[in-house]
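Shown below, as structure tokens, is a lone chain in the form predicted on its own; questions about how it binds or moves come after it.
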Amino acid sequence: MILVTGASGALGRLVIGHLAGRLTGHAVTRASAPPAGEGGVVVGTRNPERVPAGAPVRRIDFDDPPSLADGFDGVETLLLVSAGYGEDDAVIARHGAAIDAAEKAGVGHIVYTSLSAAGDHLPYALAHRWTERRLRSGTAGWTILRNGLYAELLAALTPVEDGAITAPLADGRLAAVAREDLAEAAALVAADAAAHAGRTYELVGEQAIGGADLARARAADTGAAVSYEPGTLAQAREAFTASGLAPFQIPMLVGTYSAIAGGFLSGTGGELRDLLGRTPRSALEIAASRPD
């Protein structure tokens, strides 16, 4: 049995759909219920009400460690989707509680969705690296999926306002990845975890995308003129502060801009193509067509 955490989130929902199709041998929609029972998929979430009706679900709340005591019972493979929404100490506590509970329950293998090595330049990398180290020193088998930043995130960080993209990316570029591709890769590994034991996969994009690239692509997509006029990090911080974001989110987002602008996240390649067995989706097309 495979248990997927974070199943009500954007990545988790996609993973479940891919896993269900892989294990049952037919295509499924994102809303399809995964198969239950031995060898099937169980949904783990703190919000069971958000799971499609009929899906086998367990309440898994990393912020409530006692609730995890029975949550991993009978699970052979745990796909631990990172719970990165929070300060480092909160995220580390969540991941630590989940891994502790999984090991006590006898889970044989943990697949963890981490952050690409280039992500060491990002403010939120520490909790990912802590979790990787915890897995390597633990008793369960492990596989680490070092995911690149989503093309969908790049879209959200580069809105078009008054015909211009003003995100402070300077001349930097991002080797972004389609979330759907990362979900498919995670499902592939979780479905045959033993074959990937002890592996750390770097899953970044094959094309590094910059602000000027996005402006041209969005202009082609919409038929309207779009320019790239990068602003400053200070302007971005001021805008984020005024938007009412949680305090911890502001340095995360500004730091993401800074890392891209500095050229730290432009490295392409990785192992996504080999893992998927096909050409990855175009991150530029996704980022250009979803500027919201």
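Just so you know, these numbers come straight off a predicted model, no measurement behind them. Numbering starts at 1 and follows the sequence shown.
What comes next is about the form predicted together with a small molecule, which is not displayed.
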Residues E184, G210 and P280 all lining the small molecule in the model of the complex, heavy atom within 4.5 Å
no
Partner-free chain; cross-checking the small molecule in the model of the complex, the single residue of L135, A215, A175, A83 with a heavy atom within 4.5 Å is A83
In the model of the complex, the one of L153, L188, A117, A219 near the small molecule [non-hydrogen atom within 4.5 angstroms]
L153
Proximity to the small molecule in the model of the complex (heavy atom, within 4.5 Å), stretch among 74 to 82, 101 to 109, 191 to 199, 158 to 166:
74 to 82
State yes or no: in the model of the complex, is some non-hydrogen atom of G9 no more than 4.5 angstroms from a non-hydrogen atom of the small molecule?
yes
Is D70 a contact residue for the small molecule in the model of the complex, using a 4.5 Å heavy atom cut-off?
no
The small molecule contact at T45 in the model of the complex, heavy atom, 4.5 Å:
yes
Close approach of A97 to the small molecule in the model of the complex, 4.5 Å, heavy atom:
no
